[in-house]
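Only one chain comes next, encoded as structure tokens, the form predicted on its own.
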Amino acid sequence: MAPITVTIKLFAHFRHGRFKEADHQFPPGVACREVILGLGFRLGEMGIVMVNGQHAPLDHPLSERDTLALFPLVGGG
């Protein structure tokens, strides 16, 4: 099967040394978890995961032209 293209958006310190927004290709049906780990993130540092502007679980399968947005945990008071 042909790979799918997913736009990945990183926020806050996730951008440091990486990118702000980029298109990546993955096998069809790849889960958010696999993309996150493939980018070198630990699952424990994920604050919010969104697909096409909606909250998504880590096992959400991605489709062609989806946009995956990753936000780190934020602390403070």
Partner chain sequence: MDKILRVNMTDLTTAVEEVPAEWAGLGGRALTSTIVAKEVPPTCHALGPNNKLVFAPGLLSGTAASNSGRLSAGAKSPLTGGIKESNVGGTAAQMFARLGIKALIVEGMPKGEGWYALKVGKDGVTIEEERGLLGLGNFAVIDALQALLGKKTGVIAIGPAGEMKLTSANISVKDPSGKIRSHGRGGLGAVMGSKRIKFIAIDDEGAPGIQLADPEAFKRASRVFTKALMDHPVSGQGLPTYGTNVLVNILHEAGGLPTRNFTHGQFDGHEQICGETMHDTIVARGGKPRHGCHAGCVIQCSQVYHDKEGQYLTSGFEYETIWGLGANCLIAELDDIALADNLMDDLGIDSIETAVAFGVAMEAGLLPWGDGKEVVRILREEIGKGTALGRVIGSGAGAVGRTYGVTRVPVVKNQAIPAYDPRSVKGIGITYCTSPMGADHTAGYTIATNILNVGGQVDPLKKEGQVELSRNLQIATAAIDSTGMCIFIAFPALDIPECLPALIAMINARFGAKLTGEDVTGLGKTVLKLERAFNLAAGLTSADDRLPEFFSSDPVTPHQAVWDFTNEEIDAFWDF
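What you are looking at is a predicted structure, and each value in this text was computed from that prediction instead of being measured. Positions refer to the first chain, counted from 1.
If you look for the form predicted in complex with the partner chain, you will not find it shown, but the lines that follow are about it.
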property	result
A2 within 4.5 Å of the partner chain in the predicted complex, heavy atoms	no
is_contact(R65, the partner chain) in the predicted complex, heavy atom dist at most 4.5 Å	no
4.5 Å heavy atom contact, G53 and the partner chain in the predicted complex	yes
Contact flag, R15 vs the partner chain in the predicted complex, heavy atom cut 4.5 Å	yes
Within 4.5 Å of the partner chain in the predicted complex: residues from 19 to 51 (heavy atom criterion)	K20, G47, I48, M50
